[in-house]
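Form predicted on its own, single chain, as structure tokens, below.
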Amino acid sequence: MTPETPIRLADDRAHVWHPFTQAQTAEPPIPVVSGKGALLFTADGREILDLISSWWVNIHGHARPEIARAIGEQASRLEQVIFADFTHAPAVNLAKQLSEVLPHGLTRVFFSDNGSTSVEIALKIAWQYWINCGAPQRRRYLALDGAYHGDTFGAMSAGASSGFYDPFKPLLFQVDTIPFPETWLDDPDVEAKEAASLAALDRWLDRHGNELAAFIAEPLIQGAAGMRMCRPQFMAAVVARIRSASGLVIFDEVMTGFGRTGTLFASEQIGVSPDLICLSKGLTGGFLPLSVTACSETIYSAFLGTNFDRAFAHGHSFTANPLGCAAALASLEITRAPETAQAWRRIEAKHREGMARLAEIPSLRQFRITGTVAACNIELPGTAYGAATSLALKKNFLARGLLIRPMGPVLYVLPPYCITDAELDRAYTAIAEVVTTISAV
């Protein structure tokens, strides 16, 4: 969209169907014409500080020149080629570089196009793996209560307990769950909650351990469930039990990957390598749709044979798109730079300062921080999804130039790594003002 081509909201309302939106009651969408760093620029001349990285994808900020340049250079050479029977340098180089930084043993990379499909692929691989291994009785999946893994049918099944999918329940397959011991700063009950969850897992494994195909989890942070966080030692204990039952471990790091939790992958803090990992969102720095599902050599080898029926018959038209791979390579280079890790630590420190200020507001509680993600709960009437207080919070944040989307009663900040200390200070000051004002109404 160029400045000479104005955005007509009438055309938007007539033709566009926006995601996660009740179109009949929603405010008109805000026309955005450009972005730079942590800022978005609107058609009416406003600047908006993007404190959610535009749905958690723009990890390095908007219009990062290195990534834009990489896409442009790749577009002049090769924009797309079928990835069955063909290959190309951006995909090969990306797979190789990812295998160098992924948790130990994840050496095989399957490309797709978004987080939901990366999860779908992991679930399908786990299912067929056991068939290929001659253990078709392993047909149960296990997840953590409240998890969200995406909006395709397999991903919805794994996240059914999140409550997002009631209209589709008759179409979902069974995925069992154990309690998620969500915790926060100074939580006195965390050990008891973890013990109860592990006891529930032990009971489940006693009954169904020999039927377990795979356990899937968002490690350390359940994103769409409300930035619910758990301790690394809990996840390590869960993985140890799953492994004792010979089940596969899938880590959905679609949101947590590429530094969000303060390390390149959340798996590093847990001290374990999953059998499969799902990545998307920050993979291309937010520039283009791309995702990967990486697995161990053991899993990959189970699909080798002389007959096609052992192969993994899955693919997408834009599998390993060269432009997306070029963007991901450029983003990964930025992510691996020492100054990026410094930014993670700096942002976490500013979160701790900001959350300490917000802790003085009586209507805010359950403060939690993991790496570059900070969240708390709002204890006010009308904070359910789409309710009056939730909408008022979002509207008042925008009036102060902040892009913050409370998830029901959960207020969270998840900024791009390029955000400055001054921008974060301004954000926390404005958050405190907005919440204090609305709390007084």
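Being a predicted model, the structure only gives us computed values, none of them experimental. From 1 onward, residues are counted along the sequence shown.
Omitted from view is the form predicted together with a small molecule, to which the following refers.
Colleague: Are any of the heavy atoms in K281 no more than 4.5 Å from a heavy atom of the small molecule in the predicted complex?
Modeller: Result yes; K281 sits at the interface with the small molecule in the predicted complex.
Colleague: For F265, is any heavy atom within 4.5 Å of the small molecule in the predicted complex, or not?
Modeller: No, F265 is distant from the partner.
Colleague: Does the small molecule get within 4.5 angstroms of any non-hydrogen atom of D275 in the predicted complex?
Modeller: Judged by the heavy-atom cut-off of 4.5 Å, D275 is well away from the small molecule in the predicted complex.
Colleague: How about M255 - does it come within 4.5 Å of the small molecule in the predicted complex, if we only consider non-hydrogen atoms?
Modeller: Yes, M255 lies within 4.5 Å of the small molecule in the predicted complex.
Colleague: Of the residues S157, N114, S197, Q128, which one places a heavy atom within 4.5 Å of the small molecule in the predicted complex?
Modeller: Spelling it out, the residue with a heavy atom inside the cut-off is N114.
Colleague: Looking at P322, G150, P181, G209, which is the one with a non-hydrogen atom within 4.5 Å of the small molecule in the predicted complex?
Modeller: Result of the distance check: G150.
Colleague: Heavy atoms, 4.5 Å, the small molecule in the predicted complex: which of 173 to 181, 336 to 344, 75 to 83, 246 to 254 makes the cut? Say which one.
Modeller: Going by heavy atoms within 4.5 Å, the stretch is 246 to 254.
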